[in-house]
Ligand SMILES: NC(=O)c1ccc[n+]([C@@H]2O[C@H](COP(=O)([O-])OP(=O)(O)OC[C@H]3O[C@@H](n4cnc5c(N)ncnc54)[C@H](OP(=O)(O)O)[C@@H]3O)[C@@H](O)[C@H]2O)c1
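Shown next as structure tokens: one chain only, the form predicted on its own.
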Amino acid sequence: MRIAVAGSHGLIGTALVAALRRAHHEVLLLVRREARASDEISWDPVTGRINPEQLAGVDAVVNLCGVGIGDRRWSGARKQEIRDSRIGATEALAGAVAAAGVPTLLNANAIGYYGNSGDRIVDESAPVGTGFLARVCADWQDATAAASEAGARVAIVRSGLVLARTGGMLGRLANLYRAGLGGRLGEGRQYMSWISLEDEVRALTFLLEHPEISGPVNLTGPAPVTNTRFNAALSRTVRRPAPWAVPAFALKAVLGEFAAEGVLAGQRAIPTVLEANGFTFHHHTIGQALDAALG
């Protein structure tokens, strides 16, 4: 297959591009500068500038664009950047997919779509939740409309917490836990729907290779856990105690609005669509995923 990837230098994009090339797919990289190689396509997600002719002959576009949700405290400007980096870029790519007649668009999204689900299990049939992240995810999904209206197969990839040795939340947490500074967040009852980086990439590849799958797809492991259980599992993996608890008020003081939606809230999301279509996980439990990432 000939596959164009936007967001190819992030945690997931880097691993996906490497895996696709190992499988002998032709991969084109969408870059935000002048193209310097035959496998690069120049575009500007800020202005929406992309030449659809450059996607001629492409079998699928994978859009992984978006600035980090929890990298900085949420100011008004940062929240707008979170929206624009997802919705504007997706509108541009969806339009280019439609104009070029690309058959498939895999578009990133997140389980934040469901809002705070508490201990209620949610799969792809669950409605949109409330809050800033849920609104962003819903608008992000809607931004693919041009592609689907043109007849492209569109899969909305709602990823959970991707566990990897470097990068992402686990990359930041691991060193704290190794220093004996780990602990639960708030009361620890919020659910964390995780997936190993290996299974994230395998699932994306699976979606590329299965044209019968479209619409929302949860990319989460089969057994989400509470923050308390995640804390215990990470403590075991790094072989250090994690007896501390960071109170909710302290998290809100440090992280602001992000604490309420991104740390103290959670989703108990399960991968119904993936499993119904025959996908099998390499890492079924949080312990297995953490061992794979950090062991």
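All residue numbers refer to positions in the sequence shown, first residue = 1. The shown structure was predicted, so the numbers you read here are calculated from the model rather than taken from an experiment.
Separately, the form predicted in complex with this ligand exists; it is not shown, and the next lines address it.
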- Query: A60, L30, I50, A259: which sits within 4.5 Å of this ligand in the model of the complex by any heavy atom?
  - Reply: L30
- Joint contact, S8, P45 and G160 to this ligand in the model of the complex, by non-hydrogen atom at 4.5 Å: yes
- Item | Touches this ligand in the model of the complex: V67 (any heavy atom, 4.5 Å) | yes
- Query: Is V102 one of the residues lying within 4.5 Å of this ligand in the model of the complex, judged by heavy atom distances?
  - Reply: no
- Task: Decide whether L207 counts as a contact residue for this ligand in the model of the complex under a heavy atom distance cut-off of 4.5 Å.
- Result: no
- Message: Please determine whether N109 contacts this ligand in the model of the complex, using a 4.5 Å cut-off between heavy atoms.
- Response: yes
- Message: Taking 4.5 angstroms as the heavy atom distance cut-off, pick the stretch from 181-189, 143-151, 208-216, 109-117 that is near this ligand in the model of the complex.
- Response: 109-117
